[in-house]
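What follows is a single chain, given as structure tokens, in the form predicted on its own.
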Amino acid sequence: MRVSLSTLRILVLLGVFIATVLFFASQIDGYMNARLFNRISGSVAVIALIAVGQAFVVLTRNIDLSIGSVVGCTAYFTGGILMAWPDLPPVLVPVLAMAIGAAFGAFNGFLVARFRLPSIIVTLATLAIFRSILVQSSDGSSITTDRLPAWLTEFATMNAFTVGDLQVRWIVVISLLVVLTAHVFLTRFRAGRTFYAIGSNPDAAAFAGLNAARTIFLAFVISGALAGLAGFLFLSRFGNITVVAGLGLELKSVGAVVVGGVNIFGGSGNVLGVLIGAALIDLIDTSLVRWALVSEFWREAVLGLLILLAVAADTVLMRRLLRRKGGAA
């Protein structure tokens, strides 16, 4: 039985994840416990959302470096709205957060799709612009837990179900549902396959009548909307939000995407791999804090090394596959 490249990547990722758990378990006393799962699953719920949004953008041969600022802005603005109108129906709040995030994403998408500007330049600029908007609008003040509705801060710790001492919280369930929905959309629907077509071969996609500008714009809107939902979860988890909220999440989102097997040059990848990549990155990040042999200042360096290795491995793999196809032809 032949195994597809996508399935093989996921199996390899799972193997790496298990090997990482076993390695840190041998280095850190009392490492494998329910508390580790509960802590990491809540963090991964946030990272997985922004990573899936990033994956949509990367599939179209683009990148969104502003995603951390979007999370921070959304968390802060949503918190500000709830402080002003604490009686808002809870079901409307995540929708509002997604709308705010989608507006930021639409701004990025408009510049990239309409004017064909390099996405790395556009989003590098908007990373700073969005953060500056947050700093100016906040006037140095912070969102504090005591001024938020009780249901919001309690939501992050609400369990959907438990398995022994393992607590599976609603934020984890929501994140998993988003990942599965994105996976089904990208793999089972023609509109989803368009993202792969645009990133794989833009000229052929245009010849086939696909609207590349519309697809790229939509990718950024989706990225912004999911960053908005992540901002809502971020607000619920931490409560206290400052102007540096979400700082550095853009690196983690890119890391989860490329480690998860999405080709940084677009056209291929699987969001299930992105979920595992997000879990792996957060596992390493959390574990390095507890590993006495490594200074916490090396955490970002390890993440950068992971990204470099993932991109290099993916590039080598794709080149070999292309050579095989060329030889077979």
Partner chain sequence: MTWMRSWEGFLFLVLVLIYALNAWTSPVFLTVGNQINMVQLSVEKIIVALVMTFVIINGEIDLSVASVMGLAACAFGWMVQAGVPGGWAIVIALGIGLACGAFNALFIVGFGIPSLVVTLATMIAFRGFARVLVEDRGISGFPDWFNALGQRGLVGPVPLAIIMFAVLAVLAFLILQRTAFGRKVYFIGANRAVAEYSGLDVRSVKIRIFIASGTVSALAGIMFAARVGAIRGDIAQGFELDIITMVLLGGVSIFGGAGTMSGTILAILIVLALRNGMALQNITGHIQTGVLGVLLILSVMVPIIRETGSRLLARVR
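Residue numbers count along the first chain shown, from 1. The structure presented is a predicted model; accordingly, all values stated were derived computationally and were not measured.
As for the form predicted together with the partner chain, it is not shown, yet the points below apply to it.
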- prompt: Given that the partner is absent here, does residue 176 sit within 4.5 Å of the partner chain in the model of the complex, heavy atoms only?
  reply: no
4.5 Å heavy atom contact, residue 311 and the partner chain in the model of the complex: yes
- prompt: Heavy atom to heavy atom, is residue 169 within 4.5 Å of the partner chain in the model of the complex?
  reply: no
query: How about residue 18: is it within 4.5 Å of the partner chain in the model of the complex, going by heavy atoms?
result: no
query: Using a 4.5 Å cut on heavy atoms, which of 85, 115, 161, 151 is close to the partner chain in the model of the complex?
result: 115
- prompt: Among 288, 40, 264, 28, which has any heavy atom within 4.5 Å of the partner chain in the model of the complex?
  reply: 264
- prompt: Thinking of 65, 132 and 304 as the candidate spot, does the partner chain come within 4.5 Å of a heavy atom on all of them in the model of the complex?
  reply: yes
task: Just one of 120-128, 214-222, 142-150, 90-98 has residues with a heavy atom within 4.5 Å of the partner chain in the model of the complex, so point it out.
output: 120-128
